[in-house]
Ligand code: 4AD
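Only one chain comes next, encoded as structure tokens, the form predicted alone.
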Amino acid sequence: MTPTVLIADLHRYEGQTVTVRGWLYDRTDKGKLQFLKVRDGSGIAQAVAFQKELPEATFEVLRSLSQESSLIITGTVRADKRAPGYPGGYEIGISDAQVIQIADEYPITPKEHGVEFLMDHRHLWVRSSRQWAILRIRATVINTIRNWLDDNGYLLVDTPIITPAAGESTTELFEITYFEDKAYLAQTGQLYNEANMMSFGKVYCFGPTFRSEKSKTRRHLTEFWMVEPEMAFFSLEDLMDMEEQFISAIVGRVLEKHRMELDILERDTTFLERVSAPFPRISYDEAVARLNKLAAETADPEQQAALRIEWGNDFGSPHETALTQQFDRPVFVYHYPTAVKAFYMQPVADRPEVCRSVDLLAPEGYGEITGGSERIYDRDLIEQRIAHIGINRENYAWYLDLRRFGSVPHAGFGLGVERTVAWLCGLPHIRETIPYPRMLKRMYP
């Protein structure tokens, strides 16, 4: 019986007759020879139809196939270093073929298309080799995140998507009607994670999060996926140590498994190859000094304006890019001003205007990929913070309970999957990192 195989496994069947099921990616007509590029989800392989080796009707059907027609082919696997495809090096000499459907004229062709056109046809665009490569890398990033955390003693505990209160700021949340009450789509699972941490010690949640900020930058989505570990008895230094190992494992796994996909994306992996612990660590104070020094050293007024920063302001994209250009791997920036961070972040003991927070900035201008902190664990201090920023204490009664019953020092962070994938793939915009992106002006398809 002829085995049905995946294109990715053709190398195991050299000289054997196999069946492959898939779609026509491209076709070259050479008269008596038809070169079909067939994809099946695992890869793309060249299949060769020779007129004299096939029934006339079968050959004529094959030469009339349109792009994305679905078919089943049977033939002999041949090794040929020149054979195109992914992974390439093998082709199929067709001995039989069955056409499932001849597709209508396909709207996405090898010619250039505008971004909006491609986004309108995202349900079809995901079939292209570029999107195929990106989304395969995304799947490995997610798989590695889960495996590393599971293998290192972290327990996955799910947190709610519908919440009665904000984790950080209601101005960035999608408000919904929950029967007769007001509720929000969660921007973070972190507050619930702190409750779960008190039960299990080391936990993480992983799922979609939502932010309604009206941003059009290349780094922002309104719906994105985030993993958030939370650890009891962790200091900020413990947190950075853990993140170094975690990020290095993710990058290492992608480099190990996806050389082919990175080649499809024409990704220069020079900086990725350097990702290993330890990462540089600089304080916010030092970062501000570095940026202002860079501004003073440039003669370009626009560059000066872009780089100059006053102490107390948060970093923008030009600041993060300039900082990471001074290092050959991701860099931690710690001890940000309390005013620009969330209410639950632990202040530095002798500098309450600064909190025990840290962001990890990726090289090559990809910006913040993780953000975390030590959490306030003192009951009186968290009460003061909530009163100071004027949020409704009743909405946080359950969260305040955590400081009444066995509170301990703890820390955690969030990692955005899409920003991480954009960095690893070297993409100019985050919209390609998720199958169906949701942005300020986009929720179709």
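Values in this document were obtained by computation on a predicted structure and should not be read as measured data. Heads up: residue numbers just count along the shown sequence, starting at 1.
As for the form predicted together with the ligand, it is not shown, yet the points below apply to it.
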Among 382-390, 411-419, 43-51, 26-34, which stretch has residues whose heavy atoms lie within 4.5 Å of the ligand in the predicted complex?
411-419
Tell me, out of E244, E91, E261, E228, which residue has a non-hydrogen atom within 4.5 angstroms of the ligand in the predicted complex.
E228
The listed residue (R329, K202, R211, H335) that reaches within 4.5 Å of the ligand in the predicted complex by any heavy atom is R211
At 4.5 Å between heavy atoms, is E368 in contact with the ligand in the predicted complex?
yes
Just checking whether R356 would be counted as a contact of the ligand in the predicted complex - the rule being heavy atoms within 4.5 angstroms.
no
Contact flag, Q346 vs the ligand in the predicted complex, heavy atom cut 4.5 Å
no
Although the ligand is absent from this view, report whether F224 comes within 4.5 Å of it in the predicted complex, heavy atoms only.
yes
Output flag, E14, R39 and T76 jointly within 4.5 Å of the ligand in the predicted complex, heavy atom basis
no
